[in-house]
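A single chain, nothing else alongside it, follows as structure tokens in the form predicted alone.
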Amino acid sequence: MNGTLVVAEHLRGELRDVTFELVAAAAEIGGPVSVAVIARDPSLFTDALSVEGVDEIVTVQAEAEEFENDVYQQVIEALIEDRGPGFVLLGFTVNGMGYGPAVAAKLGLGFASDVFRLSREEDGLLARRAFYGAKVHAEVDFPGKERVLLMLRPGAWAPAEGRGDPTITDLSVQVTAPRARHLKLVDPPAGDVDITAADFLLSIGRGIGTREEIPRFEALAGKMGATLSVSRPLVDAGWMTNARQVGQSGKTVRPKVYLALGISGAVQHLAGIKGDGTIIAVNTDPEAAIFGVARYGAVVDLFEVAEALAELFA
């Protein structure tokens, strides 16, 4: 086995954060780390990819302007044959799901998706992932597999930082015409935000009672310099879009401060909160699971807290 191959993900000329998270995870595995960037002009990304932990950047020129699953599948299969990596890391994203499982099945690789933790054991690598709607967490090993492809949950690792000095290698891959092509990229609905990039989240749950209360908390978040996020019940009820949802079926976040008002802390919600930030929980139920992960907690009516904060930040 020969190190770890990370597949960079980019959109509209910008590298996505998950790419640097994959580099951080690869550093945990150990061994040389190569990052493959597939693009019409891969050189546009090499400077940004030169971060600490990257030993080599492999550039592959492709005619596609944006991601196309057939192109990526063919290139990654060629890279695996050429480099023989022990591990291949992809993001557990819409793009990654478009080709990752197909590569693993075709080449007979060890495989796990939605991985949020890795650990080294004497017998090899263990990947922790969720099953049954995040009600069960389990560790997966890969006995007898020379190579393993892992799809990692975005937000589960802090992005790699610092300047590196990787070598840059060009690789030519003959790619047949893809069966599908992109026609256009659609922007998210107006007003939606990227909660994964927020340092301070004010998160509300079913404890707010009614939809009519949401503007109150939107205003409070604005006063406090926070971004409003929600738990799944509010999305299921149609009160907020999925772009605001924290949790297993929403977004994984790692803010510096996470203020949870009226959130019980179901395991699916807690699966979406990562990192070493400060979690502050407010709930009238002293047995709420959210208190098990919170650094600070208050068993009190959330509206009393909201009113006091509104006065404080007036």
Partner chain sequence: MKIVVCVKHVAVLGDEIRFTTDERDVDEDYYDRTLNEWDACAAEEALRIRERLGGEGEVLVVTVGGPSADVALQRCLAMGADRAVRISFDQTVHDPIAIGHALSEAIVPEQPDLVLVGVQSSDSVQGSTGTALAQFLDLPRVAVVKKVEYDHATRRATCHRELEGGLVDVVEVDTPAVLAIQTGINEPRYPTFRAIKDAERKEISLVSAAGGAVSGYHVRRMFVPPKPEGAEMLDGGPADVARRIAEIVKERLA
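Owing to the predicted nature of the structure, the values given are computational and were not obtained by experimental measurement. Residue numbers count along the first chain shown, from 1. If you superpose the two forms and keep the largest set of C-alpha atoms that fall within 1.5 Å, you have the rigid core.
Quick note: we don't show the form predicted in complex with the partner chain, though the next part is all about it.
Q: Check, residue by residue, if Val94, Phe142 and Asp236 all come within 4.5 Å of the partner chain in the predicted complex, counting heavy atoms only.
A: Yes, each of Val94, Phe142 and Asp236 comes within 4.5 Å of the partner chain in the predicted complex.
Q: Choose one stretch from 159-167, 82-90, 215-223, 108-116: the one whose residues place a heavy atom within 4.5 angstroms of the partner chain in the predicted complex.
A: Of the options, only 108-116 has residues within 4.5 Å of the partner.
Q: Find out whether any non-hydrogen atom of Ala24 is located within 4.5 angstroms of the partner chain in the predicted complex, and reply yes or no.
A: Flag for Ala24 set to no.
Q: Quick one: is Ala39 in contact with the partner chain in the predicted complex, heavy atoms, 4.5 Å cut-off?
A: No, Ala39 sits far enough from the partner chain in the predicted complex that none of its heavy atoms falls within 4.5 Å.
Q: If we define contact as a non-hydrogen atom of the residue within 4.5 angstroms of the partner, is Ala64 a contact of the partner chain in the predicted complex?
A: Output for Ala64 is no: heavy atoms all beyond 4.5 Å of the partner chain.
Q: Within 4.5 Å, heavy atoms only: does Val173 come near the partner chain in the predicted complex?
A: Judged by the heavy-atom cut-off of 4.5 Å, Val173 is well away from the partner chain in the predicted complex.
Q: Ala78, Met240, Ala102, Leu228: which sits within 4.5 Å of the partner chain in the predicted complex by any heavy atom?
A: The option sitting close enough to the partner is Ala102.
Q: At 4.5 Å, heavy atom to heavy atom, what parts of 203-219 sit next to the partner chain in the predicted complex? List them in sequence order, or say none.
A: Only Arg206 sits within 4.5 Å of the partner.
Q: Hey, does Met224 budge by 2 Å or more at the Cα between the shown form and the other one once the core is superposed?
A: Comparing forms between the shown form and the other one, the Met224 CA shifts at least 2 Å.
Q: Does Leu15 show a Cα shift reaching 2 Å between the shown form and the other one after rigid-core superposition?
A: No.
Q: Aligning on the rigid core, do we see the C-alpha of Ser43 shift 2 angstroms or more between the shown form and the other one?
A: Not so; Ser43 is displaced by less than 2 Å.
Q: Kindly indicate if, in the predicted complex, the C-alpha atoms of Trp157 and Ala243 are closer or farther apart than in the structure shown, bearing in mind the change is 3 Å or more.
A: Relative to this form, farther apart in the predicted complex.
Q: Once you account for a change of 3 Å or more, let me know if Ala243 and Val23 sit closer or farther in the predicted complex, using their C-alpha atoms.
A: More distant in the predicted complex, by 3 Å or more.
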